[in-house]
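Next comes just one chain, in structure tokens: the form predicted on its own.
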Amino acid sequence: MPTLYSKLLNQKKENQKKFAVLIDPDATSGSELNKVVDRCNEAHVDYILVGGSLITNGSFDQCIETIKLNSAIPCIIFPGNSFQINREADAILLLSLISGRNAELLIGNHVLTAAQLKRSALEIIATGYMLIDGGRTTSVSYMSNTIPIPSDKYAIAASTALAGEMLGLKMIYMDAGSGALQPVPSKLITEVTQQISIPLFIGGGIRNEIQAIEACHAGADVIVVGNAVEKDATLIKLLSQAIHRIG
């Protein structure tokens, strides 16, 4: 069976743009979670990501169980910490925060979870995670104790992503953070895509079709939206259709 990562590589090669919905178990649970999953199914969303900076209500495992019971969409863990692991998911983005200088988020947490991940059936996708300034302090920048890359420092972002690829990371995820005032700028996305050959995920601050389409045209392979669809679930269908029309 092809792996999720091999599919991502093929999709990138064929310039197919994909859409992922990020679900924060703290913000979406119970009947609301079921509604979101149903909307994802109806809109033919490509991936469902699960994770958050904090999981305070103990619903992480239940969230993944609900998704797997009600959808065939690949469920990927987007971990906010080393405790967010569940064997029922299809894959996990093993995030290294390459935009910061916090050693725990570069390698420390990975050491703690390596044996557990090896025992699991999860597909592990080593991912370079880059925080980009979205105009406000976000939960992830506060919790990670790191400073985002300024949104106008294109060369720094491009060199950081390139270094991640040279280190053997399989993917780059650039994130303006949940609730960002502005998404990752198109020019910054383009500068990064000109330097790397691995798949690029873009998230944070995307609230409408125009922003999603601009990010795709700039070079993003997968658009991730979480906070906006928490507030308005009808966006799932609109964004999915807009992105799929491109690729």
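Residue indices: 1-based, along the sequence shown. Computed from a prediction, not measured in an experiment: that's the story for all the values here.
The same protein also exists as the form predicted in complex with a small molecule; that form is not shown, yet it is the one meant from here on.
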* Does residue 185 reach the small molecule in the predicted complex if we count a contact as any heavy atom within 4.5 Å? -> no
* Asked: Contact between residue 179 and the small molecule in the predicted complex at 4.5 Å, heavy atoms?
  -> yes
* So, in the predicted complex, is residue 11 in contact with the small molecule at a 4.5 angstroms heavy atom limit? -> no
* Asked: Closest heavy atom of residue 227 to the small molecule in the predicted complex, within 4.5 Å or not?
  -> yes
* Can you work out whether the small molecule is within 4.5 angstroms of a heavy atom in all three of 154, 191 and 219 in the predicted complex? => no
* Spot the stretch among 28-36, 63-71, 211-219, 198-206 with residues whose non-hydrogen atoms come within 4.5 Å of the small molecule in the predicted complex. => 198-206
